[in-house]
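Two forms of the same protein chain are encoded below as structure tokens; each is given separately, as structure 1 and structure 2.
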Structure 1
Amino acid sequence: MRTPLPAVVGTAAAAALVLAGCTATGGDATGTATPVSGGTLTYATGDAEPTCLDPHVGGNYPQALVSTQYLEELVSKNSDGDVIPWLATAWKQSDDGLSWTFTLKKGVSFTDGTAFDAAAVVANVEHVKDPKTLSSTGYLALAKVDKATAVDAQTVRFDLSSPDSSLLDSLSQPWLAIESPTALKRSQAVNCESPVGTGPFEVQKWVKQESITLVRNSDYTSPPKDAAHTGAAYLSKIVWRFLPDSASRYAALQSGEVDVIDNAQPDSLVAAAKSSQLRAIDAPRPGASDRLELNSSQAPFDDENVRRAFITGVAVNPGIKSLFFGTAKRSYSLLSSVEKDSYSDPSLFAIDTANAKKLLGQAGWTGRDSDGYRTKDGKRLTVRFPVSTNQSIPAERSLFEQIQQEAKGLGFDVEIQQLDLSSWYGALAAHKYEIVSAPYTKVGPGVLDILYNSSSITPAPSGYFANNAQVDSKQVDSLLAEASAEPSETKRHDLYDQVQKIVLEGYYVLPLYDQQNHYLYRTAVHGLRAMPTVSTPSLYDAWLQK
């Protein structure tokens, strides 16, 4: 069955669940208030502080959050999920699907004065694909792009190794945003400190472990087609603070010390709904659902019986209900609910503890040690579960602990390791995991090609590999290749359904819920919105009521 789309969401990730009178844009939803120019907005993030402000390097969500304010993409999406112009005004795919030609917006400059043109786009493609850049998200998104060529100053052509129906989706993401080719010639260390874009703001100062100061680009001329105004941003300055503690972040919002926060916790969302001074935006991220992936390349999850026992023997619904207070809805899909290709089959996840125990016995885990854990050939049924404390909110980490206890009843010894982001990436790279919750944000169903194609078992230059479940299926690979080359949207839907069905029925993945993306802001903030691409906040149209 195909998951129906929530009416307020559509096919894009920017639409908002109304928790406290909010819409997809902040403040005055009717547009009757008159924007005010000037002022400093303070934004407090609970996500990890980036190690590099250039999203080409690595490519995680914390980078996307802040870079949305100073970098721009070739294309964007509107609230209906349609691709719309941004730095590119038009595009055309060749009949064989092996090249795309983009016409670029004229009269645009980077904030260092460099002209935006086809040569700049070529330099960016080369930068992302250069192994020395250590890109992961952008690199994987451009996997089928062989090269970019400047046809003339305002025309660039992408030549592909094979057709890629997801290319426009990929180009709408911050990890493929366009940076000044002049700035890219600097050392990576310098560019990481102050990447240069065409956006409405520019990086002025980064005080690590404290804040980033962004100032208005007074010469800004290139908003996306769906922006609410043209010209320079209203805000004079943005102070982007790092406040990892959720309680402190919410308290700062309540007191007026900050104007906007992300990673709002379930209890804070419930409290904010009762406040006349706060509003909320729920913008689920596109791409994959939040899920547990089981490493099928090594014991014990190389045995499908063991995978199935874990997934059908561990109840997660009670924990989601008690810990998230209705702010998260259980998913049974590999994809986010905002993806129209999301395939769901709840019957696969019906809890049957008795059968789960039977499956473990059939797999040879028949012994028990003194602590009650199952054993086989004298070895305990231990599974390692590294958790990124930067990416998993406290409520989610509590859910993981409940899962740990549920699994103990089956005889699994789930070893949860709470790690910072760098250590977490290291654990995955070294395959020191049997279970992992690895959020992956990408516009469109092409994320399936990144997460479950056997080629994604091979690491990107950064060392990151996306196929954490280690799915190695010729049938899946073939279906994904067919979907990538298929011009018919209807036929692509069917192919992606088949892929999801194989992965779900192979019990490689335990879906949990959409990737949580909650923003809270004060009512004095107007014009805030979540981008319809990867749900990052856009402060271009934002202004402060004085």
Structure 2
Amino acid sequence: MRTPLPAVVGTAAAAALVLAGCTATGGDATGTATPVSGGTLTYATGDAEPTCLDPHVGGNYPQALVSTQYLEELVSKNSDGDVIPWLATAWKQSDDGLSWTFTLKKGVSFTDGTAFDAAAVVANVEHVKDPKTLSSTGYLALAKVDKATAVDAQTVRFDLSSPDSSLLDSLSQPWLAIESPTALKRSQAVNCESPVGTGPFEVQKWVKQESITLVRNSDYTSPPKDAAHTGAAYLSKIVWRFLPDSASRYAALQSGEVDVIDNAQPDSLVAAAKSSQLRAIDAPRPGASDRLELNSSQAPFDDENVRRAFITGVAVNPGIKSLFFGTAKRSYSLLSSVEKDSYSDPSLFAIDTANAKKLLGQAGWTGRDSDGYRTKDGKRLTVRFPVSTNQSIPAERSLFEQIQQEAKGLGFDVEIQQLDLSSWYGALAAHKYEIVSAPYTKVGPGVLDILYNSSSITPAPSGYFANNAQVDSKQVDSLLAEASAEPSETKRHDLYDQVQKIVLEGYYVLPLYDQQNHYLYRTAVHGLRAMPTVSTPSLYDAWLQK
């Protein structure tokens, strides 16, 4: 959370963040209580039900949420954002940055009895890179990895096609978790039903559209360095339920039907804060902030003046305050506040409607039609804003309506189009948008390379492209390339700062807030925490008070 402020203030902000990280571990209020073993915890998720429990396949957030309970990664991060050992105990990068050697933890086995060793890691890399696996997120994260080789039983070497300073960040993500090579040899359908890992729990049963039952792995030996205890988990069983309706989900938590919920809505958070029965964890997702991106590749946002008019003419703070009841903090950064490299500049977003109108006039949008919208050469100042009903929460959709209404005052005709997920991606692929909100979760500043590199304008074979603002800048591209190859953390930090500065000052993006990720849980639950990597919940340290 860095701002262009004196260094002292910067440090204070960083310290505040660390404190926030501490409150992100549950049960702190009763930290003196002795953990109790046993019991069943019911977790209700509002995210979509995964179609496959192996996060190598496809690779989305719902998969990450649940797989955090039964799969583990080579490395993790602590609440300061530093990479820490997990299944790998040490690592070394070659001088040319083209090869990484990892030393693996000894004495770890998968829950099917297979030993965790270098061959297992190699099998996992091959699994993710195999087109038949149909991996998207993991595949992208390993783009620069040519191959992995087992040097000996406990040592594995990754050979890269070009240096990748984000490799450790990538490997800390659940989409590159390590699974049993024996289990991976089964058919994909079977592996999707019951992936096998080294985690504190294992998948016992998956009843579609209802729940996944996870049971304790009593032989568990491999917690990450920042876990609160060692040995097997306290809970004997987790029932992982799918409750898509947010009101029903909160009602179920209130009635004690479930113990933990995710995707808690702002009004629930406020209500829960008044309840002595409930506690909250605020764990923003890493990667990009939640933001509106303006499509700079076509009219009217190909004109910087028009972009600037929109971004400095539409006030979002009052709406964020009232719709989120103060649970979401306004962001002025491209990156999530949990990212150490996040660069923030509130001064760019000061509201000045008079100036915004002047800018629109300078851009030639001087006419007015009968509905009061601006026109230029008889064409209305219309901007299309496709919204995915599956991705936006009600408060956010209302905020978009307010933005629409605010922009109307400037003369913009904002067309909000509510689409289902398939049609929404379709609209993006066909460039039928001027504004879009597309959340992107990834560990580390490497997300900038995905979102703002001009190469990300070229669509993937499926039509997907990540650079929705269509920032096409040689300078940004070369800075990103430099950062990717830069081994020094401080120098990398500078390079990422420059990139963010260029994008923010080009008025391509209107940051709103962090990607909201709130958990609510009953006071009987202790030791719940959100992983500092992608903010998924870890139930390893959790226990239930009898």
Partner chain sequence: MPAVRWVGSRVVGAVVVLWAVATLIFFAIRLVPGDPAEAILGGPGSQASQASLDLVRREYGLDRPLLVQYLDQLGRLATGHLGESYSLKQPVAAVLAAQVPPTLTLAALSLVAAWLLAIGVAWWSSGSGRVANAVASGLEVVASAVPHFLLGSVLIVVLSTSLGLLPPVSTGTASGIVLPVITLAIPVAGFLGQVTRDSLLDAAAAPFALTARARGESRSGVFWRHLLRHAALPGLALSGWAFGSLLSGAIVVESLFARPGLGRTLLDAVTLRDIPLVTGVALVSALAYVLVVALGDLAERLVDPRGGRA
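For the two forms, the rigid core is made up of the largest set of C-alpha atoms that agree within 1.5 Å on superposition. Start at 1 and count along the sequence of structure 1; that gives the residue numbers used here. Remember, it's a predicted structure, so these values are computed and weren't measured experimentally.
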Determine, for this pair of isolated chain forms, which one is the form predicted together with the partner chain. 2
What turn in degrees does the smaller rigid part make against its larger partner between the two structures? 15
Looking at G378, what is the CA displacement between the two structures after core superposition, in angstrom? 10.2
Superposing on the core, what C-alpha displacement does F349 show between the two structures, in angstrom? 5.0
